[in-house]
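In the block that follows, a single chain appears as structure tokens, in the form predicted alone.
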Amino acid sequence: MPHRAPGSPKSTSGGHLSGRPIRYYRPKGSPEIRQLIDDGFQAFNAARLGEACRIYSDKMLAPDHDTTIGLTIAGALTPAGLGGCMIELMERGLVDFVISTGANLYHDLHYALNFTLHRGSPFVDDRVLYNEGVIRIYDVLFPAQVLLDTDTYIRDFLVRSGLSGPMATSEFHLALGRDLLERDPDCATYSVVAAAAAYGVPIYTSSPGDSSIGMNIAYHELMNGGTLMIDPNRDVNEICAIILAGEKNGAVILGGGSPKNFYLQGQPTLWEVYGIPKGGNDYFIQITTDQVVWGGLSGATPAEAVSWGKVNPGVLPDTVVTYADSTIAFPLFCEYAVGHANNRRARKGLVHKRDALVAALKEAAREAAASR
């Protein structure tokens, strides 16, 4: 018997979708929050969040540092409304490239397509939700029809766009974002994917098959004979090229997982594989609930990353891990940054420079190989 998911005809939703809509929150630079963080967050992880805010705003965004900043995103953050914080940072030039799970980008499309996600409760009977055609992400609830309608948009886009051949996820997401902007020029105000296309910020997905976007690309190949292929080699080389070109490099890591490592592996790829000793990242900020004692990637500390050449051993004072829920800490972090004097930079427009940067990487790698 097939899954009777989206919008079952006999669904009444039982009031589960009566909660307030979740909207993307855009930070405004509240001076009260800056005061709270500077004066009230004095110890334990509150103090670590304060350190993260000051490393980011005072150092990474300093005009004389020219830091290339990557934002990595793991966990269900766009469904929770954090996409607005990401958009604000991209619009202000405070983030130069993004590495995200595919799921965050897929759920961002719900906002781009004007579908509604609702505030709800995690303490519900999921068997009832199943029968009523309601999807739950902890306390985020929405009609299952949203999934099908978003899938339909992606499949239509794949046919309409005519995308073919191997490409980096940055190129695919740029095309997707441009399509959203053509549908609605205002879309950049409420879609991360559209905003990235508008502001020249490349978005990468380290595990493209591990999301509904990848699932629909697979459908397109199987059912339509589509030849579009996501090429992870191009992603690896583009990330390395961006890092190599940066005067200084730093990351803001939300959660951990594959996006975290995909960014951090860029430095070992340069020295270990290409023979180019870049020297490690200059800044490392992570907001996570994971612990290093479990041996997992998400909990790996900046100190451990030094042994891999991922973090410059001379800059450990400019690294910090805040053990907190990103849905709490990241909006505070963004409010602090937006209210800081260094709250706007010229955008690097890296999505338009990818080919030139990769060519420079190739030349540097050839020179390194010749000198071995």
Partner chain sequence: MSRVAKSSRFLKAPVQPFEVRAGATAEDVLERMERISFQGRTLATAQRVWQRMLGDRCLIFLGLAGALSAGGLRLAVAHLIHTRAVDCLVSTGANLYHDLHETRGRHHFIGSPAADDGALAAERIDRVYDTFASEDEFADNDEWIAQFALTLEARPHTTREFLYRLGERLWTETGGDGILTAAFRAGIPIYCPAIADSSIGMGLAQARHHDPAAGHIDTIGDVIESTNLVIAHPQTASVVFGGGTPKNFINQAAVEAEYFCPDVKGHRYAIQIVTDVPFYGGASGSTLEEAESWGKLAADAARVSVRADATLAVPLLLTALSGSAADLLATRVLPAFSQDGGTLRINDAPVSTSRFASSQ
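Every value quoted in this text rests on a predicted model; they were computed, and no experiment measured them. Numbering follows the first chain given and starts at 1.
Missing here is the form predicted in complex with its partner chain; even so, the following discussion is about that form.
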{"query": "Exercise: residue 271 in contact with its partner chain in the predicted bound form, heavy atom 4.5 Å", "finding": "yes"}
{"query": "4.5 angstroms heavy atom contact with its partner chain in the predicted bound form for residue 277", "finding": "yes"}
{"query": "Close approach of residue 291 to its partner chain in the predicted bound form, 4.5 Å, heavy atom", "finding": "yes"}
{"query": "Its partner chain contact at residue 339 in the predicted bound form, heavy atom, 4.5 Å", "finding": "no"}
{"query": "Stretch from 306 to 314, 25 to 33, 340 to 348, 61 to 69 whose residues place a heavy atom within 4.5 Å of its partner chain in the predicted bound form", "finding": "306 to 314"}
{"query": "Option touching its partner chain, based on a heavy atom within 4.5 Å in the predicted bound form, out of 185, 295, 122, 225", "finding": "295"}
{"query": "Stretch 336 to 372: residues contacting its partner chain in the predicted bound form, 4.5 Å heavy atom cut-off", "finding": "none"}
